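What follows is a single chain, given as structure tokens, in the form predicted on its own.
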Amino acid sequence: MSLNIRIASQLIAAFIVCLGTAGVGRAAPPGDEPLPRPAFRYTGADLCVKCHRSEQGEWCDVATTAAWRHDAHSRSHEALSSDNERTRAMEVALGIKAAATASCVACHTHPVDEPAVDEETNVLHAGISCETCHGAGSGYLDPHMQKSWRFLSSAEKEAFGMHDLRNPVAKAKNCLSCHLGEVATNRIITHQMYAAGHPPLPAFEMEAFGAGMGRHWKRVWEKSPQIQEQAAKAGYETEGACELSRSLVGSLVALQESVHLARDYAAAAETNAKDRPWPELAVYDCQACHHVLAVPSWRQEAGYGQLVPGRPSLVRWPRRLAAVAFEQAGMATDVDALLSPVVGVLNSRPFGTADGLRRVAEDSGREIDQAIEALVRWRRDETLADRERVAIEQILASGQNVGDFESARLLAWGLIHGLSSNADWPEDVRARKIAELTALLALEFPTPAYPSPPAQEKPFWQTSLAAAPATDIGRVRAAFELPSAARKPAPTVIEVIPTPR
């Protein structure tokens, strides 16, 4: 059967599924409202593993599961077991069973409609699965085995149910649904869960976390020259221009999603106050309340961004790198001013009101989308090094005035991505700076990413938690100093297409 015929037949099948004939999987666990049913059926990771456990030729020349089996995601389901001491304590405190609570299952294992893993192997685990991130596979399982699949557009692949994770915006939203939270899929960590012992979520930067977990894919420019030539002729692109460009896009998406999280929770609280009581303290900046009391303090020095002192804000860590992203997009956007409608609601009453936050949370979206539109136009061409250098210098300037640990980490990760690929500074200077920031801000992930007993390495969240209160913000600011770049070409002018208002 030709690919075009397959496309037609699969789209018809997808339409039928959307009308309500999705396959029956496991029932949603009790404890929360059921998760949304997928438009396509889940096929199960065992089918993915049958092919991706072995070499797939020049396009997929590294065995995917060789990396995936060491990824923390593949074994995240182990956190749901009552054999886990921390989980058992949380279950007692909250009166739940983690494996039977939808909000726990939603982030720690594969979708409830996906076939269960009956027997784990050295390459197949029951944690977050292939389809959790790439989409339910019933539509694309057969077509994606054909060579012509590689050169379909992202929109064509999405029509088969495959998530477009080559798109840095889609990828960031996919990751942040767990690493920040998402109401629609029940991926919500509550203040009760934190109080009962759930580890706090650190600031999330998708490129650093992806590298820390161990990439199980290759980008086009990392493949053989022959494959790169084929890809160029077909107009095939992957994941933006470079790590730094994706990091900047990710910071804007995180900023936007932090507002959406508050908005969506507020809307849920208005319609379902029993299960979504207002306010939910976990959607705000933890350090607004949980910080060392000192006078003078870094918080007083950093200022409050129009917020009444003492009022909790939405999460702060995406804001400084997002400000650099706006600069790189050619936009003179003040992030605090952008969030002023939300700040106004929080100023009128601590934590705001559900109705107030729901009404004002959309105001920031237009400018963020416009900045993202400019940044995704970065290309791997002769202008890239200049773009990177200018962004690096902007990050350095921001870091020298940073006021908190988590914002500094996001800036540092972005800076490291830029310094790793940009040769405007001597190699030894860049290496020393990367090592200094990595040690000072506890940026290093354990290896392997999921250290199992009897491994002595602590998980990343634990090293993060220990580093935060011990950090000297003065030393952090000093670490964002570098000598001037060796060459200083004129900065690239980025054309920004105004968004109609």
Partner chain sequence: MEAFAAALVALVTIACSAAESPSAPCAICPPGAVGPAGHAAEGISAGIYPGMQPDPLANGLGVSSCGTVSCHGGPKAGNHDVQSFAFTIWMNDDPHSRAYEVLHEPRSQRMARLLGLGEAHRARECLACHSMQNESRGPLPPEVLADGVGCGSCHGDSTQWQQIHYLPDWKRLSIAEREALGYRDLGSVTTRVNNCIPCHVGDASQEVNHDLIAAGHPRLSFEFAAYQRLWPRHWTPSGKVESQPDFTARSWALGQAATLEAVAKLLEVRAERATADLAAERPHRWPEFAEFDCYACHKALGPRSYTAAHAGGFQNPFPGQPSWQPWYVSASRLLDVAAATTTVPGTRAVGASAVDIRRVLEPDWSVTDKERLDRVLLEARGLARAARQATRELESRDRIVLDVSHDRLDALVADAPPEWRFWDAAVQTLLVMEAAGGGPARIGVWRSDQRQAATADTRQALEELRDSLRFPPGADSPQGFSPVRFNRDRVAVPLPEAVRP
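Note that this is a predicted model, so its numbers are computed, not measured. Positions refer to the first chain, counted from 1.
Below, we turn to the form predicted in complex with its partner chain, even though it does not appear here.
By the 4.5 Å heavy atom rule, the three marked residues Ala397, Gly474 and Pro483 all fail to count as contacting its partner chain in the predicted complex. Gly303 is the sole member of Pro426, Gly330, Gly303, Gly365 with a non-hydrogen atom lying within 4.5 angstroms of its partner chain in the predicted complex.
This chain appears without its partner; in the predicted complex, the one residue of His179, Arg311, His134, Lys223 with a heavy atom within 4.5 Å of its partner chain is Arg311.
Among heavy atoms of Leu281, some come within 4.5 Å of its partner chain in the predicted complex. In the predicted complex, Val295 approaches its partner chain with a heavy atom inside 4.5 Å. By the criterion of a heavy atom within 4.5 Å, Pro341 is excluded from the residues contacting its partner chain in the predicted complex. Contact check for Gly214: every heavy atom lies farther than 4.5 Å from its partner chain in the predicted complex. Residues with any non-hydrogen atom within 4.5 angstroms of its partner chain in the predicted complex fall in just one of 143-151, 263-271, 408-416, 348-356: 348-356. Contacts to its partner chain in the predicted complex (heavy atom within 4.5 Å) from stretch 196-223: Ala196, Pro200.
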